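Shown next as structure tokens: one chain only, the form predicted on its own.
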Amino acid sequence: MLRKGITESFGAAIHALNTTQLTDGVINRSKRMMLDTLGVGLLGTRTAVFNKALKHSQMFTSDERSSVWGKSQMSLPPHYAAFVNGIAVHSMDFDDTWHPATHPSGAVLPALLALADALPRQPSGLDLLLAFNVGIEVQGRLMRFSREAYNIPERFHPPSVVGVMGSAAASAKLLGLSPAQCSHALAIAASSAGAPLANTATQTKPLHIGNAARRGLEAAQLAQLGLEGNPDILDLDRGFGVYYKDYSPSAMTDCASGDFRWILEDQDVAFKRIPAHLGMHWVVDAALAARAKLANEVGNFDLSQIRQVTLRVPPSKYIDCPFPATEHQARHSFQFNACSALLDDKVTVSSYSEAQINRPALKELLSKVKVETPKDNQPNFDKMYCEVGVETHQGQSHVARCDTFYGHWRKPLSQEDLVGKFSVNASSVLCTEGVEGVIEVIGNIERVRESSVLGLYLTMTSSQQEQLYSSM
């Protein structure tokens, strides 16, 4: 089906949106997103997948250089800095999640910071904040072109599709491209979109975010040089519509009119408390509540008393992993996360280590798990729930249900807890001055004259920690 004017409206909006249209609510929410993204990205520089991508990226050189988060003596060509920093953000599946389902920030912020490093004139913090929100907004609009996009994905990983478009839009905004160039940046980016869901729960999944950041930035720079794509890319079923079975796009509201409203104003994001697929947060909270009920009744809690664990979760094949063998599989396993919570009375970053995964007690508990998928439990992050039932050999039975976990957009993390999460994550890489500096800059980003100050704090490392993890 041919529609007219949709891509053109997006190009016009990307070009025309300005800082006066940023509301207090959007500024506050996007600053929280930026801080959380930087924290999980810094923690992610300790992972094996990040270091493999970094080693690959160091083979490439250019006159333009951009910083690598958490690396005081290292820089890369801008595209590759966006690539590795994007990978770091998603390397532990610890980054924010939106509705409809995607990880909105990881494809946008690494691209913008890499681009800002390479620009002849440093953008202000407010410029950076506006471009970030443009990238988030474009993703939100695109996902609303399909009802299918509202559910837990079945065929492709959403950030690889809408993320690269958001990166292109944000980069185009920071570059100051014309409306037509902004449209072409989207068209070019669309030809780099897509990643199969089969690569989730593997080391390749974080590359979906890294590639989205890198390819979106590249698309905007190619459009700046005059490269063109299909000017109707968003209008066509054979354009961006190839990714959705029920594609129904609409023009972007004229931002000069009084009808424009940021999607982020009405739809907040979820921030994760554990480094795992978002669905795991429901099952962990339900398992902890069931464990507390059992412990209150029987006194000293003994796992050997458990005869069966029943999980009532939404249907989703890629997060149904009965016996995970790797950290990435464990992050996508209802069974593993429920059993870790029952066994340890908590789930933390260290829960996904090889030693924890291979514990005999955990494997024994996994063998007792039964999964049910009730018809009323929809695979949708705004409607799903999780129930955990624990039955003992003595005939006792306790069930706990989680409808909304702490960190979900309906029950958002407090600012204190969000900053606390960032501080714990960032301090594993940065020195105290670096951690406090990032918090201060992001907290006042709309008043920062040159965004380069953020890059300085992001590379203030503890030398001993940097040496330790650079050898992984």
Partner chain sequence: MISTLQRTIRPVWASRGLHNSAVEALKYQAPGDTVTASYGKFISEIKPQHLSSVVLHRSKRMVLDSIGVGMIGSTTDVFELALQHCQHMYAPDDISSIYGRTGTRLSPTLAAFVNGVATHSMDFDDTWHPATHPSGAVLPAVLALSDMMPASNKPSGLDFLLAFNVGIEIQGRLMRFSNEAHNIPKRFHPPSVVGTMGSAAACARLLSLDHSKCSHALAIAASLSGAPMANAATQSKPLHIGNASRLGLEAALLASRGLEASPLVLDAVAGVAGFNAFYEDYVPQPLESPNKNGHMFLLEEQDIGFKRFPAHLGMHWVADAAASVHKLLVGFGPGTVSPAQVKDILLRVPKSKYINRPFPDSEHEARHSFQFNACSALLDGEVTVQSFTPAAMMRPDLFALLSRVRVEHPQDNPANFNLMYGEVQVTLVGGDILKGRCDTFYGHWRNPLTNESLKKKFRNNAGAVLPSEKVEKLIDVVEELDRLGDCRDLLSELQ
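Since this is a predicted model, take the numbers as computed values, not measurements. Positions refer to the first chain, counted from 1.
There is another form of the same protein, the form predicted in complex with its partner chain; it is not shown, and what comes next is about it.
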Since exactly one of L294, C321, A270, L129 fits, which has a heavy atom within 4.5 Å of its partner chain in the model of the complex?
-> C321
Let me know the one among F145, F381, Y80, W262 whose heavy atoms come within 4.5 Å of its partner chain in the model of the complex, would you?
-> Y80
Its partner chain in the model of the complex reached by all of I14, R29 and L418, non-hydrogen atom within 4.5 Å | no
State yes or no: in the model of the complex, is some non-hydrogen atom of K55 no more than 4.5 angstroms from a non-hydrogen atom of its partner chain?
-> yes
Its partner chain contact in the model of the complex: A251, any heavy atom under 4.5 Å | no
Does the 4.5 Å heavy atom contact test between L225 and its partner chain in the model of the complex come out positive?
-> yes
With a 4.5 Å heavy atom cut-off, would you call A325 a contact of its partner chain in the model of the complex?
-> yes
Within 4.5 Å of its partner chain in the model of the complex, heavy atom basis, the matching stretch of 366-374, 251-259, 270-278, 213-221 is 213-221
Interface residues of 146-161 toward its partner chain, as seen in the model of the complex [heavy atoms, 4.5 Å] = E154, R155, F156
